[in-house]
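So this first bit is one chain, no partners, the form predicted alone, shown in C-alpha cells.
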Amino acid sequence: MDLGLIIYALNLAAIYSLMAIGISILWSSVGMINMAHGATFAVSGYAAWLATAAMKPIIATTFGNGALASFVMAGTLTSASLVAGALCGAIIYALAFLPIHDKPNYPVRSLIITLALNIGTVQGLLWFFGPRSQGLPKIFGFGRWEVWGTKIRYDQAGTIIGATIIMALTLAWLRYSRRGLEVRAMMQNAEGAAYSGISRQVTALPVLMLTGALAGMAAALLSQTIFVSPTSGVIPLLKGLTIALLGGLGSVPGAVIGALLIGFLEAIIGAVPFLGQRYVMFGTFIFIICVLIIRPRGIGGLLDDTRE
C-alpha cells in the first residue's frame, strides 16, 4: 500500500469519524438516534458558504490576498460551520427531545421526529437555495507536498490534522470538564447517573450542541473536496450511522476504529482496477454486515446491553 493511498484513507476516516463519534455519543448518553445529523451537515455547509461570501470583500479589503487573509477566511468558514452546527443541535433539542424525553417509546419517537426534521430541512434548502451545488473557499490552499515521491495535497493534510485536533479536544472535554464527566456517567449508566443527581434533560443540550458542532466541522472539512448542496448530508449521515454501528453504539474508540477501517477499505476497493468507486458502497456494507453477524455489539459498543 503506497503512501498516497494511506493519506486518502486517513482523509476519509477523519471526516467519517467526526460524524460517527457524534452519533455514538448522542445515542449512549441521551438515547437518541439523530436522523437530522445529515441536515445539520448541510445547514452548516450553507452557513459557511454565506458567511465566507459576505466576509470575502471585507477580508480582501482589510488584509489583501496574502497568507493572513487566507487564515482569516479559514477562521470565518470553520467558525460559521461550528456555530451553525451547534445551533442546529439546540433546535433539535427543543423540537425532538424536550417534548418527548419523558414519554413512552422515546427512542422511536425521537427517531421519527429527527427524520421528519431532516426531510423538512432538505426540502427547505432546496426551496431557498435551489439544487445547484456551491463551492467553499479552499482554506488549506491548492498546493502539494512531496513526501517520499508521493504528492500530498494541502487539503488532505489539513483535513486529517484538523479532524484529529477536534477529536482530541472533544475527548479532553469529555474526560476533564464537569459537564463532560456528567455525559460520561450518562454513557456508562444512565439510571445510576440519574440517581446521582445528573439530569438527562440538562445534559442533553450540551451533547446535542457538541454533536451538531462536530457535524458542522465535518461539513467544513468535506467541503474542501466536494461541493455543498441540500442533499450533501445524506452520504455522511449514512456513513456516520453505519460506522457508529460498526464501532458499537456508545463507544467513542470503537467509532474511531470503525472510521479507520471503513476509510482504508474504501480506499483499497476504489484502487482495485476491476472494482473501482462503483463498488465502494457495496463492499463497505458487506464488511459491516459480516462484522455485526460475528460481533453483534460492534467492535467496542454496548449494543448487546442496550438490547437486553
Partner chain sequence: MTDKVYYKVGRRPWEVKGHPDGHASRQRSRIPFTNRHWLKWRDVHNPKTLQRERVLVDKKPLWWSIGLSLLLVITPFLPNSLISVASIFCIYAAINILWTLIVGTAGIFSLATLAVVGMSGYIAAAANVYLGVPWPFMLLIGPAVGLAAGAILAAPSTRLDGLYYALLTMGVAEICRVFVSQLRALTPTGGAITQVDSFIPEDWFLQRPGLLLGFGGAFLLLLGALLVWRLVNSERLGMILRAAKTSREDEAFSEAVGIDFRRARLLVFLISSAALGVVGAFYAMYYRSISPTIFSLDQLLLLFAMMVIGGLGRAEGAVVGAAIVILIDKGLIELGPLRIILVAAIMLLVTIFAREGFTGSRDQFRDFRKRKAGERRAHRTEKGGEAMPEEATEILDKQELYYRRFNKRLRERLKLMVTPELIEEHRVNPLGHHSDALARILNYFRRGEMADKYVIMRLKNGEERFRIMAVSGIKGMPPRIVDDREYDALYDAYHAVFLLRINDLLES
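Residue numbers count along the first chain shown, from 1. Because the structure is a prediction, the values reported are computed rather than measured.
Not pictured, yet referred to below: the form predicted in complex with its partner chain.
Interface residue among G120, G135, G192, G130, judged by heavy atoms within 4.5 Å of its partner chain in the model of the complex: G120. Exactly one of the stretches 93-101, 74-82, 214-222, 195-203 approaches its partner chain in the model of the complex with heavy atoms within 4.5 Å, and it is 93-101. At a distance of at most 4.5 angstroms from its partner chain in the model of the complex, all three residues R109, I113 and L238 contribute at least one non-hydrogen atom. Contact annotation: S28 falls outside 4.5 Å of its partner chain in the model of the complex, judged by heavy atom distances. Residue contact check for L10: none of its heavy atoms lie within 4.5 Å of its partner chain in the model of the complex. Not displayed here, its partner chain is approached by G248 to within 4.5 Å at the level of heavy atoms in the model of the complex. Shown alone here, L265 lies farther than 4.5 Å from its partner chain in the model of the complex, counting heavy atoms only. With contact defined as any non-hydrogen atom lying within 4.5 angstroms of its partner chain in the model of the complex, the contacting residues in 279-294 are Y279, M281, F282, F285, I286, I288, I289, L292, I293, I294, given in sequence order.
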